[in-house]
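First, one chain by itself in structure tokens, the form predicted on its own.
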Amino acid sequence: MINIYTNEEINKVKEAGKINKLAHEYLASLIKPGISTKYLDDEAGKFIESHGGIPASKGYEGYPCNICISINDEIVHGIAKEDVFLKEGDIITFDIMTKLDGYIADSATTWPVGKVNKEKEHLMYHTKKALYTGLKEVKAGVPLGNISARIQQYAEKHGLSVPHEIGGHGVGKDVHEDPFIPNYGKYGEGVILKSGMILAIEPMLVVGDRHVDVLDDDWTIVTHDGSNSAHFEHTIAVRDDGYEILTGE
């Protein structure tokens, strides 16, 4: 079942989303070669809690960290570690879920560590563009598949691949709600969007082929061929005439 939220509930998700946006900006300011992902995760937890929120990833189905931190070929659900240090030329993704007053916002950003190569610049730029390209399809009355198809077409036009096993989802009261939102698909397919749906739209694109593996920690999803990945995500509310971003621009 896909939840339909009231404007009051949507505004509560938006308040959680404000913390998300600030947390992304704060963590980005800390990025530099030599710091550990565990340090960044600890800072994320302290930041979210200092703003009245709860890190919604912590403990979700046993996930051990405050946020998901993924580096280079790690696509999503990376686990922070004390002995993993950022290096010049890495790219790092923060996937943050904040719970506030019972409502959850979810967003992701990918950042360079120092100067990165042209391939990684291309990947980050076009993954972010794919997100906003997909969002152009969002409004009440539109099939969900239109978003997926638009993201896939944009990605492939720019030489990037779309993993099929992972994608966006509904969000609001729970971390993952219906519907699942793949980043590939066909126009005209899928459920019809309705005003009041809250969706996390999140292109996760890779430079190489689309196939993925899961590491022995049972969480971290990586590219099968070791190629780089980027991830951008917003939580949005479906409106009659378009969409409203709930996690800041």
Ligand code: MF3
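Just count from 1 along the sequence shown to find any residue number. Predicted model, so just to flag it, every value in this text is computed and none were measured.
Here the subject shifts to the form predicted in complex with this ligand, a form of this protein not shown in this document.
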Query raised in the report: Non-hydrogen atoms within 4.5 angstroms of this ligand in the predicted complex: do K136, I198 and T235 all have one?
Result: no
Requested in this report: Determine which one of 59-67, 30-38, 45-53, 209-217 lies within 4.5 Å of this ligand in the predicted complex, judging by heavy atom distances; exactly one does.
Outcome: 59-67
Report task. Would you mind picking the one in K129, H176, R150, K99 that has a heavy atom within 4.5 Å of this ligand in the predicted complex? Result -> H176
Query raised in the report: At the 4.5 Å heavy atom threshold, is D95 in contact with this ligand in the predicted complex?
Result: yes
Query raised in the report: Heavy atoms within 4.5 Å of this ligand in the predicted complex: does H169 have any?
Result: yes
Query raised in the report: Though the partner is not shown here, which residues of 179-217 have a heavy atom within 4.5 Å of this ligand in the predicted complex?
Result: E202
